[in-house]
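Just one chain is shown here, as structure tokens, and it is the form predicted on its own.
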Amino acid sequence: MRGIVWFRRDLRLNDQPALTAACEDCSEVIPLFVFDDPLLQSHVFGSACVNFMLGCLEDLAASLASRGITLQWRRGEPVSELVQVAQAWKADVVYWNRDYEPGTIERDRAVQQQLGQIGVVVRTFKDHVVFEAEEVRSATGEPMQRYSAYRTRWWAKWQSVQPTTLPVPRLLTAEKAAPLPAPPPLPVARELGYEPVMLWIEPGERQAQKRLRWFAEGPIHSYVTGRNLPAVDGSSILSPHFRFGTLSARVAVHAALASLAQGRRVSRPDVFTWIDELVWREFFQQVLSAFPHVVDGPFRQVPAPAPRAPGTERERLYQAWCEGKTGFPIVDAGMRQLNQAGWMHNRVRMIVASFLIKDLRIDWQSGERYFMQHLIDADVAANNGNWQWCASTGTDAMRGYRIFNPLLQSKKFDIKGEYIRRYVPELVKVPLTAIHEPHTMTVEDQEWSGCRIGLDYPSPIVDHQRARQEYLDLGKAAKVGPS
């Protein structure tokens, strides 16, 4: 029997359910990746994300080649491409791991229907999450809308099921290779319509495993503190690997729990706080799966201040935010990190999101789109869930009053200004007493530090206290409604 394994968001060999099943069932296995031309042409994702994906594919192809198997690839509209190759290669069955975004669910249904019409069997598997939406439900069987309740049931499910992981399939050898012509080399970014990017997060399964080992051996045990310090390498930075499936969530949870048995200092609160971040990821996947309308709008309609109306002022403020030229150093450092590296520290993501929505009063969807176009780990569920959390339109109970003070956040989490200086070079020589609010420098200090406010670095584009009060007043008016 000949089987095609359709790789998608699962670019690895270890703990890969679809690949394992194909190796067990079939005498010939054909790994396949399809470059989705309509999706690529939409530029929903940016160059950093696409370059990372290509790096992951190169690593996957090399791992398969070392076992005598060739990664085949096609480019075009996925449904038609998959049906065409299934016919051309005389496949009996196609295997893939499920995805939960509304568009991919619709696409997969179309593939399954058309393959069925030509007599090709489809087998799909759970992989992108530890538990799918239907596995973690409320007592009444309804989708869960509160994270705290979801977390409780997620852990109860973990304890009852004890999910296991799969090794690299032992049957994945040259004997499984189908006699097909070798494909051309994988395309480069420019051929897909994107700019090449020098990645600072190394792609591929081997790098994901290396990073996980490093994290579990040390930083995870100070995660509660380390995750909030943007100048410190205290977080796992594994989200791009979860995004493209070079690391499975099951393997990550097991590695975190196993770290508690290490001989050196260990910390249960820190370890479980990190695992909770993975549970948040699954919660947002569950929300997206059960409530697909969040892709196009708020999870729930709540009285809230109206976003700033389109116009010159709105565009001026939005562009300043995008370029990291707001006059708020922690905000500017975060946006410049995003623009330069395709990444932003999680604490800073919350700060810049709050600033856009509540200080500048710009719709959260604009921020959501900008992040999707620039993040290496651009993921619809996580990005949407986090932006709706910041906008107070999501599942969270708090409505409208979570307003981060960028100055206080900066002083608390980047005490010495190291993160700011790393990404805002105009402020490198600014004294510590003014690094968080350089506009307070005297003329003499500005000359000494080579940073003239209004020339070398902008004055704050808004007054935070005034903007905060305006937002609160508009929120109260929205709750009262028209008189």
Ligand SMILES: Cc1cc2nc3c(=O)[nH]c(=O)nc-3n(C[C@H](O)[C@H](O)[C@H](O)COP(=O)(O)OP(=O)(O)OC[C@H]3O[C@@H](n4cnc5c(N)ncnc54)[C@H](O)[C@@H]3O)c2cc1C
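Just so it is clear, the structure is predicted and the values come from calculations on it, not from any experiment. All residue numbers refer to positions in the sequence shown, first residue = 1.
Quick note: we don't show the form predicted in complex with the named molecule, though the next part is all about it.
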Can you pick the stretch from 327-335, 156-164, 272-280, 177-185 whose heavy atoms fall within 4.5 Å of the named molecule in the predicted complex? 272-280
Name the residue from Y318, F299, F371, F131 that puts a heavy atom within 4.5 Å of the named molecule in the predicted complex. F371
Have a look at W73, Y150, Y194, F242 for me and say which one sits with a heavy atom within 4.5 Å of the named molecule in the predicted complex. F242
Just checking whether I237 would be counted as a contact of the named molecule in the predicted complex - the rule being heavy atoms within 4.5 angstroms. yes
If you check in the predicted complex, is L375 within 4.5 Å of the named molecule, heavy atoms only? yes
Looking at the partner-bound form in the predicted complex, is S289 within 4.5 Å of the named molecule by any heavy atom? no
Report yes if any heavy atom of L172 sits within 4.5 Å of a heavy atom of the named molecule in the predicted complex; otherwise report no. no
